[in-house]
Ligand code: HSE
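This document starts with one chain, in the form predicted alone, laid out as structure tokens.
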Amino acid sequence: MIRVRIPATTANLGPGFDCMGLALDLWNTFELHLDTQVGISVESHGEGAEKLPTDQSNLTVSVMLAELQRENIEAPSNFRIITHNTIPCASGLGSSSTATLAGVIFAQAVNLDKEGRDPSDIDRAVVLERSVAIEGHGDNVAPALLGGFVIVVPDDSGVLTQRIPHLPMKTVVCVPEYNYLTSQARAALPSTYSKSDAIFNIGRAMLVAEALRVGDDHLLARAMNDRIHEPYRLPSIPGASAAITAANEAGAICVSLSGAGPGIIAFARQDFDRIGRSMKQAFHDAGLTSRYWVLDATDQGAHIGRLPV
């Protein structure tokens, strides 16, 4: 019926807590097949395939069914979802956001198909608004859907987004094998912040956006600092602070948590493997195995198309 290809994302970008994200050239693919077989099934390949649920508890399925119920649309009783995942799960690279987006898109596709319309003719504005509502913040789902570097905030009319042009940028992302749940990452944050910390982050978030827009590496290095979430999350991830230090010493422009972690993202122009190896060694010294990827930022967002009949 329909295939969706969605990129990885890195959110927060240091000081832009919950409101800035960047799409990366690493992709998950989801296919929805309306079959004659009985029941609902999920077939996963690649990253996390052995762990992901294969029934209605699967995130894509549960989001799809909830969205159909919300719109009072009868869900198909027989369908199959096939996923091909290259984004590591629970890494800080937006894997769960790709699953949420796919579920919202599939719900729209089912409704369009029932109306006799092209199921790939998705309303991206509605997809974005619903996905942000489900996630509670848009710093992963917005760049995953739209591509590029995106600033996203809620407002009274739904979601306010601005896609900021940026010069080409490479990143090195190192992800340790460490179970750091989003719920844990959220629970680590304080309920209030000082005015000085708020000012610190607001100013630096604007400078990060400008540095990425114009390709000012010196400004990016000075601005990529945070007082809202990293000081509270880094101590919970063994080796993370050491990995940040190691990446900086290996030649990175700047380094931060990717999303809520446990992944660490370094922005760089050269020495990519050296930076990746240095972060791996820091995690190894803390007792964790890890992997790293050298990834381009991408201006491509979700690709949505019909499957061949």
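Numbering starts at 1 and runs along the sequence shown. Given the structure is predicted, the values throughout are model-derived calculations rather than measurements.
Keep in mind that the form predicted together with L-homoserine (HSE) is not shown, yet the notes after this line are about it.
Of the heavy atoms in residue 137, some are within 4.5 Å of L-homoserine (HSE) in the predicted bound form.
At a distance threshold of 4.5 angstroms between non-hydrogen atoms, residue 268 is out of contact with L-homoserine (HSE) in the predicted bound form. At the 4.5 Å threshold, heavy atoms of residue 18 reach L-homoserine (HSE) in the predicted bound form. Using a 4.5 angstroms threshold between heavy atoms, residue 23 stays clear of L-homoserine (HSE) in the predicted bound form. In plain terms, the part of the chain that comes close to L-homoserine (HSE) in the predicted bound form, with a heavy atom within 4.5 Å, is 259-267 out of 39-47, 259-267, 243-251, 62-70.
Site residues 11, 182 and 186 are all in contact with L-homoserine (HSE) in the predicted bound form, judged by any heavy atom within 4.5 Å.
For the candidate set 233, 204, 166, 80, a heavy atom within 4.5 Å of L-homoserine (HSE) in the predicted bound form is found for exactly one residue, namely 233.
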